[in-house]
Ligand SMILES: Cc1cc2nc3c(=O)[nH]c(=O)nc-3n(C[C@H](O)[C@H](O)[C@H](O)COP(=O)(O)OP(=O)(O)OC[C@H]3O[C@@H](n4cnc5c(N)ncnc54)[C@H](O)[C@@H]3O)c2cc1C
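Only one chain comes next, encoded as structure tokens, the form predicted on its own.
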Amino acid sequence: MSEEKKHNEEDVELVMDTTKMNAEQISSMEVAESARETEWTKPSFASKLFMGDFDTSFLYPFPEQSAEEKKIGDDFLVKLEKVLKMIDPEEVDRTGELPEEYRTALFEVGAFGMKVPKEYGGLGFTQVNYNRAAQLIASYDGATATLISAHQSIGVPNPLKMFGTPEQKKKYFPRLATRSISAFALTEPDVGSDPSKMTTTAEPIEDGEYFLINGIKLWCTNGPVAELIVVMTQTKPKIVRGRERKQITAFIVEVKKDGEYLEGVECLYRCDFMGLRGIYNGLMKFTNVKVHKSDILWAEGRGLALALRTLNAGRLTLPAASAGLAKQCLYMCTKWGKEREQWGRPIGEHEEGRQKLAYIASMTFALDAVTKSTSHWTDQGEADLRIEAAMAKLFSTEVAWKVIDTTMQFRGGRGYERADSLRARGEDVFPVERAMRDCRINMILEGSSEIMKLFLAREAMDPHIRIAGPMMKASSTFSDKMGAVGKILGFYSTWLPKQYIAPLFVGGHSNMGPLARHYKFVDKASHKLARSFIYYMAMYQDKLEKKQMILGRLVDIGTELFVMSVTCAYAKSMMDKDRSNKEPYKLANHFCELARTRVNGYFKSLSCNHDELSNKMADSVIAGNLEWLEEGIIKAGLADKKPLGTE
């Protein structure tokens, strides 16, 4: 089946009721829905989990690298580590610069060509080896990790590999592997998660042979140093069902040559952030930038779908980066826990200290499991990982923040003190403060945690929408609903009773040894999750998309069950190799015990919560009824400041 058939935009049918939406809201929903992958041609472990099907065949045997692949990764990491140590991350944090000679050395060792195929001069790494490198880099310097990841995971190499023509690959891949940094430009000053409002345009000229790009892009990571940028634009709209539908198209745009910006391209401002002080992130302006039609990626109007697929692949790097941070935290806290004494014994032996060490260790193990499983599944290419990738991003970035926060508390004042200050006083240079600032952005970029939950909820509901869609729409006619009755009865008459009966007979999983009880918990909970999804879909119908707190809890449950599954499988694979090593069991067991408590809490809060109370309180805030509560401060902001590029 061709990509265009799998993504026929004219077949988009919105599930939610649009009768009370304005034209702009309908347009936003149609643009977003048209960019979704609409077919599940490959199986998905997490998709099945949401449907009450705990398919352990995905987990056995737990994948691992071949000796040959491992050696390739091992050899590269040795060379990469030498290059990384050319810089002092604290100096990068102070100056905001990654020296040019350092970037050149990264090119020479092949760090920018890890995802570029070998036939074009790259290393052609598997996702596993790429993520091993990402973990190493992130454990040392967040700015370098961002530079390399933004270049390859969401910059030109990945979309070029996925959607480029042979001519485009031949033209750009050698440059990207050896000398040209790339970037990705989607966000605009007034456009975040709703790309239908995009204002950057690409107007055809010379009978469509060329396009002129005009617009401003915000938060373009690598933009100020990039030579090539994937730029998302609006092109000529299509008429679908009598209504105009916006078209978003991706172009490969050359923005620099010999270190100088080409005509019409400007970096208006290099953004400065709380953390990742050494990243090159800019406000980029395009004024009548002429681009040939041959530099369209994939096809005209397929830009948003390309962006979603690219971001999906890019998300797989974040678990590796999060694991790198967590491992660094584990090292720092273990050393500190042994050396720092309070009241006659090391702080790691006090119960408060032990709780923190246990949490960091088990979370690090779970992050390792998520990284390894999703990386291997990507390389195997036998599964649809859009849900797993989003879950991995959501879980890993949230956990990394909790781990660094726990580390900060464990280190106390020394955690809050800058590493340079620790060095000046002759103490261990543990960069907890910098790591905290650097990792906070991960819960926002490449889809915030909130957006991830909405994305996951939409994908989790997809099987039900395909079957019961007409019943969910308040605007469906009686005829539409009657037409769906046979399909609904045919599926739910057997599926729904199974979700109530199957948990009563959950058994097996004996091959998991002492971890079997956690698999039984996942098995039972998956049925309860499936029942809960259909219950709330039936209760709220097309209004469910507004119940973001309920959807978030359902997604959190599914994510926890997913991570429990791969963590236990990872521990089992390690114990099978060395039965005398009980530590993997202890780590997985501790993680799962904590996860079970969280899952039970999420289930309880589905019906016992304060959502409506909070919503009413928020209404008062938005209505301005609480302005009196703001008295007594000097109010921040520069409301009269004109944004750059709009003067």
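One rule holds for the numbers: they count along the sequence shown, beginning at 1. Small disclaimer: the values here were computed from a predicted structure and weren't measured.
Absent from the display: the form predicted in complex with the named molecule. The rest refers to it.
- Remark: all three candidate residues (Asn281, Ile441 and Glu450) come within 4.5 Å of the named molecule in the model of the complex, counting heavy atoms only.
- Taking non-hydrogen atoms only, Leu445 approaches the named molecule to within 4.5 angstroms in the model of the complex.
- For Ala185, a non-hydrogen atom is located within 4.5 Å of the named molecule in the model of the complex, even though that partner is not displayed.
- Phe430 falls outside the set of residues with a heavy atom inside 4.5 Å of the named molecule in the model of the complex.
- Of the heavy atoms in Leu454, some are within 4.5 Å of the named molecule in the model of the complex.
- You can rule out all but one of 105-113, 177-185, 362-370, 245-253: in the model of the complex, only 177-185 has residues with a heavy atom within 4.5 Å of the named molecule.
- In summary, among the residues Phe521, Trp219, Tyr140, Trp495, the only one with a non-hydrogen atom within 4.5 Å of the named molecule in the model of the complex is Trp219.
- Site annotation in the model of the complex: the residue of Gly483, Pro237, Gly192, Pro346 reaching within 4.5 Å of the named molecule with a heavy atom is Gly192.
- In this stretch, 253-275, the one residue having a heavy atom within 4.5 Å of the named molecule in the model of the complex is Phe273; the partner itself is omitted from this view.
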